[in-house]
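For reference, the chain that follows is the form predicted alone, supplied as C-alpha cells.
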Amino acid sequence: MYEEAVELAKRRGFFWPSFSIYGGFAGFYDYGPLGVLLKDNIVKIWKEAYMDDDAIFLDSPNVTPEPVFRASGHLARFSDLAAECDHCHSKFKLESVLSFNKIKYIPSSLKEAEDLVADNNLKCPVCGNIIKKVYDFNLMYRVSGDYYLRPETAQGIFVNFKLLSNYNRGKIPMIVGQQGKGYRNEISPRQSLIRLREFNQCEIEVFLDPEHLEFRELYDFKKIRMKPNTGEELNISIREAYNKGIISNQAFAYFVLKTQVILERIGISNEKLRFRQHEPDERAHYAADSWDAEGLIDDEWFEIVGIANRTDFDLKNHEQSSGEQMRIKIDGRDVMPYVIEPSYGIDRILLTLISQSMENKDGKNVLRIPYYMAPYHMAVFPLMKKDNLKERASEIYSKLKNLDKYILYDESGTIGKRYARQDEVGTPFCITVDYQTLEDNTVTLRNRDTAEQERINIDDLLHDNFIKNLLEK
C-alpha cells in the first residue's frame, strides 16, 4: 500500500516533492491543500490529549546558538556512521549497508565500524562494489557562524525551564509541549515522508520529581505488541508490562500508554502498531531508556513516536554550561527534575495513517480514515447544473459552511465520479441536491464506507449538532 499511498497523496493534494519544477531535492516535501488539513487534525488530537493532562505549550526559534547544542551534547555526539562507495559515490547510513549485507551487528564507534568494514566484503547496495570508506557524519545543519538549525524542538523547552516553572507556579509534574520544525542533514533521505531533512515534530517534555516517578493512574487498554530489548515479542497491555517490570517506572508507562491511545484516536491501527525498546547501544546520548512506537506499512516497521527517559541530562548540562540554576524546591528539597519525552513524528504518522487506511473497493481506492480526521467532513453536489439545482445546492452549501468550515462544493463531472473522488480522499459524507429536493426539501446523504444513501430533511441537516454527531459515529 505504500507506493499506492504516495501516488494518491501526490495526485490528490496531500503531499508532493518540493521544488519539483527544478527536479526536486531529496528530503524535502510540500503539504498540499488536503495534507495541510490532515496534518492540522493530527496536531489537534495530540495537543488536546495532552491538555487533558494540563500541559502548557511553547513556541521557540528554529535557529539556535552553538552554546545550547554544545551543552546538550549534540555538537559532539549527534552523528551517524556513514559509508560511501568509491565506485558510484553513493552515500548510505552504515546500518543500511550492513542490513543489505545481512549483518545484524551495529558498531557503536568509528573504530569498530572501520574494523567491521576491513573484516567483511560489504557490497554497495547500488552498484555491488566493495565499500571501504566509513566516517562519522554530523547531522546538524550550520546556518552561519555559531548558529544551527535545531535537530529537535526539545532544547527550546529546556533552556526556558525556569520561566516555564515560574509560569506554572512551581508545580511538578509539569508537562510542556512544542510543535514545530526540526532539521537533520540526513545522509540518504528516502521513502517520501519517512526520512526528511526538514520535518514536523510534536514533542512533550514531562518534568518529574526523580524520587516520585509516577503520573496519575495506569488503566487497562487494549493489548498491544511489545518488543523489549530481551528480544521476545509479547502481546500484552502496557499496564501489564509495567506490573511485570518490563517498563521501568510508572510515569514512563503512563506516557507509553498515552501514546498508544493518541495514535489509535488518530486512526493508526492497534493491530499494526507495536512498541519496541531500544538496545542500550542504540539509545540517543541523553537517554537512559527509550521505546519507539512503530507503525506497520506493508511489511516494514517505522518509528512514528520515540519515548525517552532523558533523566536530568539536559537540565544538568544547561545548568553547568550557562551558570543558571535549574533546580527547584520540592518539599524543602533542592531537586533537579527528571524528564520523560514522547516525541511525535507528524510526517510519519500522516503517511502511516494514509497507508494503513487505504482500502481497495471494487477496483478503486478508498481512504477509510476516521470521520473526524478527514480533511473535509462533507461534500455538497448538485445532481445537475440546471433547473435550479445548482442554485439550491449552493444555498445549502453556504448554510452548512456556517456550521462547519470543513465542507466543500463540487459540480464537476458525473455524480459517480464525484463520489469516487471524495471516497478516495476520505470525505465521510456527500450531500446530493436532486429534483426531489425541490419538491420536499430533502437531500441524499451518502456514507463513504457503506455507500448507503438516505433522505434527510434539510432542516435536520442544518441543526447545530447534526454534523458533529455524524462524525463521532
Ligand code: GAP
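Numbers for residues come from their place in the sequence shown, where the first is 1. None of the values given here were measured: they were computed from a predicted structure.
Here the subject shifts to the form predicted in complex with glycyl-adenosine-5'-phosphate, a form of this protein not shown in this document.
Novice: Closest heavy atom of R150 to glycyl-adenosine-5'-phosphate in the predicted complex, within 4.5 Å or not?
Specialist: Outside the cut-off, so no.
Novice: Does any part of N317 reach within 4.5 Å of glycyl-adenosine-5'-phosphate in the predicted complex? Heavy atoms only, please.
Specialist: Result no; N317 lies far from glycyl-adenosine-5'-phosphate in the predicted complex.
Novice: Is R348 one of the residues lying within 4.5 Å of glycyl-adenosine-5'-phosphate in the predicted complex, judged by heavy atom distances?
Specialist: Although glycyl-adenosine-5'-phosphate is absent here, R348 would touch it in the predicted complex, with heavy atoms inside 4.5 Å.
Novice: With the partner left out here, check for me: in the predicted complex, does some heavy atom of L94 sit within 4.5 Å of glycyl-adenosine-5'-phosphate?
Specialist: Contact check for L94: no, nothing within 4.5 Å of glycyl-adenosine-5'-phosphate in the predicted complex.
Novice: Using a 4.5 Å heavy atom cut-off, indicate which stretch of 238-246, 186-194, 254-262, 112-120 touches glycyl-adenosine-5'-phosphate in the predicted complex.
Specialist: Of the stretches listed, the one contacting the partner is 186-194.
Novice: Of the options S90, N229, Q201, N388, which one has a non-hydrogen atom that comes within 4.5 Å of glycyl-adenosine-5'-phosphate in the predicted complex?
Specialist: Comparing distances to glycyl-adenosine-5'-phosphate in the predicted complex, the residue within 4.5 Å is Q201.
Novice: Considering L367, I131, A154, V380, which brings a non-hydrogen atom within 4.5 Å of glycyl-adenosine-5'-phosphate in the predicted complex?
Specialist: None of the others qualify; the residue that does is A154.
Novice: Is any part of 283-302 within 4.5 angstroms of glycyl-adenosine-5'-phosphate in the predicted complex by a non-hydrogen atom, and which residues would that be?
Specialist: Read in sequence order, the lone residue that approaches glycyl-adenosine-5'-phosphate (within 4.5 Å, in the predicted complex) is Y286.
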